[in-house]
Each structure stands twice: as structure tokens, then as C-alpha cells.
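Consider the single chain below, provided in C-alpha cells and representing the form predicted alone.
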């Protein structure tokens, strides 16, 4: 028998003791059957019942109901809410997302028939599993299969086109043939879905265990051309060329970079997928030498990802990170770099994104067919750590404007900032150490020189 948390089991027992049917349905049952523990939190547990909303409100006075879908919210604690929905039938999905006609259903089987995929259409009442669409068999065979007619399921809710790929990417499952063919057939319906919903599914695919496979499936299904056309066109842009290390076209390189990105951060992964999208516009081939170039592709790519971030309704912080990683991903790695050059890299990238940028470079290398690292790259990472111990912005100096005003007897004003800047430049160039005594000695020397004049 599947093991349920105490708060779930206690809720179900209360319904059953009062003569109602209640079942755990959807993702929680799927995860339990796969031997996984559903994440903590009420949003990960869905329940279906034959009790009408008014009956649930009478049974649980603290519950509340303010929607047309038959979903009653039940507070378990201050931080834990569970949702129980009356068996229902749905029809007339004019916006390809939400039903306009909702009716209470008589049986659990009627309720399960409206759900998206067989692996999400399994119910459990605490004792027995109800599986009219053979979802357990599909779990065993690792298949994503639509419930009933896939064309009807995707026509009802076009976001299911993305959800099928997302479940495939998360679970490592294949998509059953008729369901896959239906996704390709109905791909254009995705245009009826809001960008916020598309973004959520896309980021879940990118964050999944098999993100590269998910993006490639989106391409073959025709979804990528509608959601990320800037990426889709990259699969037509070659890179193999004399004096070039790439072995893939640009699109395949980007997918391979995503596949090999060591970061679990979804925006860093997204940057790995998009970092070279400027190459489609900057592609040039010298007919005499066959040499391919992509001059300033990072500049073009930066503009493109700004538009993509806005289209996907990314947050300001997510957009800033994505744009920064794409803009500066072409950073130089050489044993000849000065500390000043290293500090410039740190300033451009931002301390908070340094590891993300290194992860992006790793992904870029492996996604190009190169070795994961090199002695120059390892030296660069070592230098980064060393240089960060030294000051690289004025506020890191061991003196401040108060010291300058006191020793040089100055009032607040631009002269104080200019002196700080000059001293900072001397520290950055190694002409003086960032230690308080030598810096104060420098100020005293400036004061004496001024007095002599």
C-alpha cells in the first residue's frame, strides 16, 4: 500500500467516516508509484471527491470556496493548505485552456477521463488504486500517453503540448506514438497560451533531468519555432570550418551546452542554451578560405535575449542575470592576463555571477566537442580566487573619505572622491599595498607636498 503523510491520511479518513468518497489523484500518486516522495507542501497533493463544495464546507467549517471549478481549500495549518475538488466534467474550451462548461460528475472514472495523461489519471483512496486508463502500465513502460483521444486532450488545453514534453524530460520517459503525432499536429495551438504559462513549462523542461532531449523534442514537434524562433534558426547555421574547434551546427552546439551545463540554476542553464543565438545573424563565410566567422555575435545575442526575457516575462533579476551571462560569455582566458584584466572581468560579470559564468564556459567547451577544461582555464580560476582577495572597487580600500578629509583638512566634495580614485588606481596597479598604514602615509605625504606649495 502507498504510504501517505499523516495529514493527508487524516483528512481522507474524515471524509470517509462521513460517507464520502475521496481520492488522492494526479502527480502525488504518480510519484508514490515511482518510489518517489512527493515534495512537501499542499500544492503537491490533489484530491477528488464525490462531496459537493457545500458539503465540504459543512464538514470542515474552516475551509473556503471561491471559484467555479469545485475546488475547496482546506487549511491544515498556517503554512499548509490542501485543495479538494468535486468530481467534475468539463466542456467548451474556447480559449484552448479553460473550460466554459463545468458539471459535477457522478463517478471518479468520469473525473479521471478529463485529465491529461494516463500516468496522472491514477487515484488512490488510502486502500486501493483506481487506474481505468492503465497509467501504471505506462509508468512501467516509461511512456507518456494522453488519456483517450490525444487531439481532443490538446484541443481542450494547449498547454498540455508543453506538459507532455516536460514530463518526458523530468521522468526520462518516451512519448507514445499517437500522442507524439498529435503534439506535432496541434503545435500551433500553443499560440493560444499565455507567455507566463509557456515560461513556467519551458523553465521546468530546462531544469529537468533531461533538458536537451526536451528542447530537441520541442524542435521536432514544431513548438520551438513558435516559442524560441531565435534558437530554432540556429540549427541551420554551420560552424565546422578551418581554424575552428566546433563539430556541431550552432543549434546542436547550444543544446549540447545545455546538456553539459554543470549548474542546477535554471537561468544559468537557459544562458547555456541561448549564449550563441547571435551567431545566426552574424554568420559569414569567406568563399576563398571557407573560414566561418561570427564577429560581435555576443552583442547581437545580448539584444536578442533581452527580447526573449521580456517575451517570457522573466523577473527583472532573472533578466539581468541572463543578459549578463550572454553579454560577457566571450571572456578571454590566457596566462598573460594582468590582475587589472581579471578585475575587469569580475566587475563586468559581478561577483554574484562568477560561478555561473564559469559553469557557462564549461558548458560551452564541452558543448563544442572540446575537453572540459585546460590548464589555462584552471589557471584563470585560480587567479580569480587570488585577485578577489585584493581590492577591486574603491569601497574595498583600507581608508575612506573621512581619512582624506581629516589628514588633508578638506571639506566634503569632488576633490575627496578624486583623491580616493587616484589611490585606488595605485593599489590596483600594484604601486602601493592596500594596508592602512602605507595608505595613511601616502595621505600624509600628499599633505606635506601641498603645504610646501
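Numbering follows the first chain given and starts at 1. Quick caveat: nothing in here was measured; it's all calculated off a predicted structure.
The protein also exists as the form predicted in complex with a small molecule; that form is not presented, and the subsequent description refers to it.
- Contact check for 14, 55 and 106: none of the three has a heavy atom within 4.5 Å of the small molecule in the model of the complex.
- Listed residues 253, 145, 321, 115 were compared with the small molecule in the model of the complex; 115 is the one with a heavy atom within 4.5 Å.
- Segments offered: 424-432, 410-418, 27-35, 393-401. Contacting the small molecule in the model of the complex at heavy atom distances within 4.5 Å is 27-35.
- Residue contact check for residue 166: one or more of its heavy atoms lie within 4.5 Å of the small molecule in the model of the complex.
- Among heavy atoms of residue 157, some come within 4.5 Å of the small molecule in the model of the complex.
- When contacts are judged by a 4.5 Å heavy atom cut-off, residue 120 counts as touching the small molecule in the model of the complex.
- In the model of the complex, residue 210 stays away from the small molecule, with no heavy atom inside 4.5 Å.
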